[in-house]
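Presented below, as structure tokens, is a lone chain in the form predicted alone.
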Amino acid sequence: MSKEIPSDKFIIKGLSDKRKLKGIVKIGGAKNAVLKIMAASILFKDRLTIKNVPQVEDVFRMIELLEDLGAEVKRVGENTLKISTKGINKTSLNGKIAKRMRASIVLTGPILARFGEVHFSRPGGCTIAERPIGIFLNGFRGMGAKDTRDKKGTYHLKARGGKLKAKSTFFNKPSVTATETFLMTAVLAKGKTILKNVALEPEIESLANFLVKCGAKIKGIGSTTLEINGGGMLQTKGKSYEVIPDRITTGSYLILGALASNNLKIENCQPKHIEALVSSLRFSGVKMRIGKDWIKVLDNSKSKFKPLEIKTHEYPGFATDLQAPMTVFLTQVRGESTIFETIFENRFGYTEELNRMGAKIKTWNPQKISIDGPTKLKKRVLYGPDLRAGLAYIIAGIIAKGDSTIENAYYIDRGYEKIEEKLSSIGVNIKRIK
């Protein structure tokens, strides 16, 4: 069963104007990749082995959800999971656990496709915007599922005849979670499913390629149209899934390095997955060197960064999850910068606290802000409203003058592995208070 959310907080001693950070940061597995492959374990006859698993709270919650269904999840060392779903004995997702993570919705498709029905409540997660589930309900209806909802708000989906049917779907807006959910669902549906205008994130391509290795029939991987010929359950036959590096974590450390380091190397990453960020930072004047699986931030102490116009966009565009950390970077840039948020509305709530730290950020509408810099930030007690804004507050606290407190560490722990240990290793004075 899910435990109560702990009330940890971080205390950060700011670097002020000094660039002290240096050393090596190694990037772990991508949260947004591992959660989906864990859900995909329901499609397999045999045991699924997953390597390079990050130790983050969302992974722990997904383990709880799978175990609550009856699956067997074994940990091997720190970063390997072995999952067997042979013992699943129910089709109802635990609402108390699911409400703490948005990604719980991806379990509904595999469960419905394999067992013919699923019960679930509206998923939770970060409160960054309205995230409707209509795209999932409509998609399942199109595949032959009948849905009802009880007085407690629990949805019950049941496939007519106990088996879902293939269906062509055009997504009005590319959705990562919907693309992954219906990709997995279609693997067990009867017939050919065609998904159009799908998202292109690396996590989707990684998932699809592994499913193909294990027997799935998927065409169009890496394009905006996917064709899936449904069949029987998949088998790993000894193959294991290696979680790709977390591109959002990579980008977050790159932004921090640009602001506060004089020699920071980011290893075990995929620079090609964050080309939009790299291009923007280089245009602003950030000096760095890039290899196949590493990025080195050079000494930028004498650099005068130029203002930017950032527009978030679906991959390969500028990631919305890097928008908040990038705002902190732009507070230190000379001149006026703008950010247009095209993915979520009302994702600028965190800027009010940055203004109280000394930033000059103006909100023009729910999807546009301007940042006038450079400004010196000062210490403050901050309450992280969501995963990415929480990390942005940590970056702000590091470059601010004085000691800042970041409340609600749980949100940050949901997606950033051993954050205080990694930051301490490169020179950040940060402590976790239980």
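One-based numbering along the sequence shown. Given the structure is predicted, the values throughout are model-derived calculations rather than measurements.
Beyond what is shown, the protein has a form predicted together with a small molecule; the following relates to that form.
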| query | finding |
| --- | --- |
| Among 146-154, 329-337, 101-109, 289-297, the region lying within 4.5 Å of the small molecule in the model of the complex by heavy atom distance | 101-109 |
| Proximity to the small molecule in the model of the complex, single hit among 94, 175, 84, 236 (heavy atom within 4.5 Å) | 175 |
| Listed residue (79, 229, 320, 351) with a non-hydrogen atom within 4.5 angstroms of the small molecule in the model of the complex | 320 |
| The small molecule contact in the model of the complex: residue 404, any heavy atom under 4.5 Å | no |
| Partner proximity in the model of the complex: residue 387 to the small molecule, non-hydrogen atom cutoff 4.5 Å | yes |
| Distance check, residue 344 to the small molecule in the model of the complex, heavy atom within 4.5 Å | yes |
| Contact label in the model of the complex: residue 133 to the small molecule, heavy atom within 4.5 Å | yes |
